[in-house]
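Have a look below at one chain only, the form predicted alone, in structure tokens format.
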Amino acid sequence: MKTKQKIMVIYGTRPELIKLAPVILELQKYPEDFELFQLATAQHRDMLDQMLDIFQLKPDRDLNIMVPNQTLDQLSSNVMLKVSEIFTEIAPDIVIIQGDTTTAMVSAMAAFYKKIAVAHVEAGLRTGDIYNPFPEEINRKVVGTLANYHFPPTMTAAENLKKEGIPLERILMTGNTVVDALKFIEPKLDGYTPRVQLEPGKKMILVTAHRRENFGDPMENICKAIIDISERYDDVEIVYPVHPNPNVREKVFNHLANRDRIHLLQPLNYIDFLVLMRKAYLILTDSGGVQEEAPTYNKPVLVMRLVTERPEGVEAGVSKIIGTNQKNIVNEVSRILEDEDTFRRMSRGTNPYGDGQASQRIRKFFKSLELD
């Protein structure tokens, strides 16, 4: 009988590593129980490397698959072939993946082909619309079908899994590991000089927008709304770290470059981003992770999407879905800037996403499994 579980943790993007790093660090504390192997696909090269440095982690194998402006079919086939080769070589007992990326979905499929057990961190998020977000909604549904063990972050996510027929003994509600990650990083933020120095007394709006379903006209609407806001409020400065995807950068820089009180930044490392988040008055985003992080710092979040797989923030009153209509974005931002009661309600809610103990719960779950 085996005395250790051979566990492979796979990550390819910055958000994946942010949420898997606490799990890796927790499992590393127990070498008598777990033989750990880290595999990086490097779906996002530079942004992943930033997180490896922050958490002081080093993958055992790095596939380095990123190609500029790669298509989903190119990425998927590349991940499938290379990850499958590693599975044959290493033969893990369990593969841990996170979230809804192409790396996660294809790795789950490759593990299924090899009859390797899959554990899914941040399982059960659903919007019910296969094209929003795209391709993430289908990615996580595929993973949900293939996974053996499901770690939903919230009761809502756990209920989604139950409705899909997942047996209760394969579901463990853990909380979101991003809260664990923020607790780990928090000491690094104090005394850290932010990348942008704003004028005293200005309110800062932090913007992130990069999702595929917002390419094209939605991104143009977002940019026009940002211009309207900057022209309407001279006491507001807008900070926008621009995603490296050419579909985002071209549109954003064409519309927003060289405008007063709009600061377009290169992609930030995570610490820089969190420092800005703590200083922000409100956050305008289409990101999933930001919806989970911002409540930790009591920041109102306006979600520029049609639907969200993270309804807990909306239900708690700390975030609001506003879509990508130019006029609606401006109106919703104006409401928070001008109405103190609205700002206070959204900035004083509690974080519905976790208590910082998710990684410990996951480790204990693995420890409880019987080894063959």
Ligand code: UD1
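Since the model is a prediction, treat every value here as computed from it, not as a measurement. Don't overthink the numbering: it's just position in the shown sequence, from 1.
Not pictured, yet referred to below: the form predicted in complex with the ligand.
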80-88, 110-118, 242-250, 224-232: which one contacts the ligand in the predicted bound form at 4.5 Å, heavy atom to heavy atom? 242-250
From G144, P218, P135, G175: within 4.5 Å of the ligand in the predicted bound form by heavy atoms is P135
Could you tell me which one of M47, L337, I321, V330 places a heavy atom within 4.5 Å of the ligand in the predicted bound form? M47
Are all three of P15, L75 and R211 close to the ligand in the predicted bound form, meaning a heavy atom of each within 4.5 Å? yes
Taking heavy atoms only, is T102 within 4.5 angstroms of the ligand in the predicted bound form? yes
Consider N64 of the chain shown here, and say whether it contacts the ligand in the predicted bound form, taking contact as heavy atoms within 4.5 Å. no
Heavy atom of P31 within 4.5 Å of the ligand in the predicted bound form: no
Hey, in the predicted bound form, is N325 touching the ligand, heavy atoms inside 4.5 Å? no
Within 4.5 Å of the ligand in the predicted bound form: residues from 68-82 (heavy atom criterion): P68, N69, Q70, L72, L75
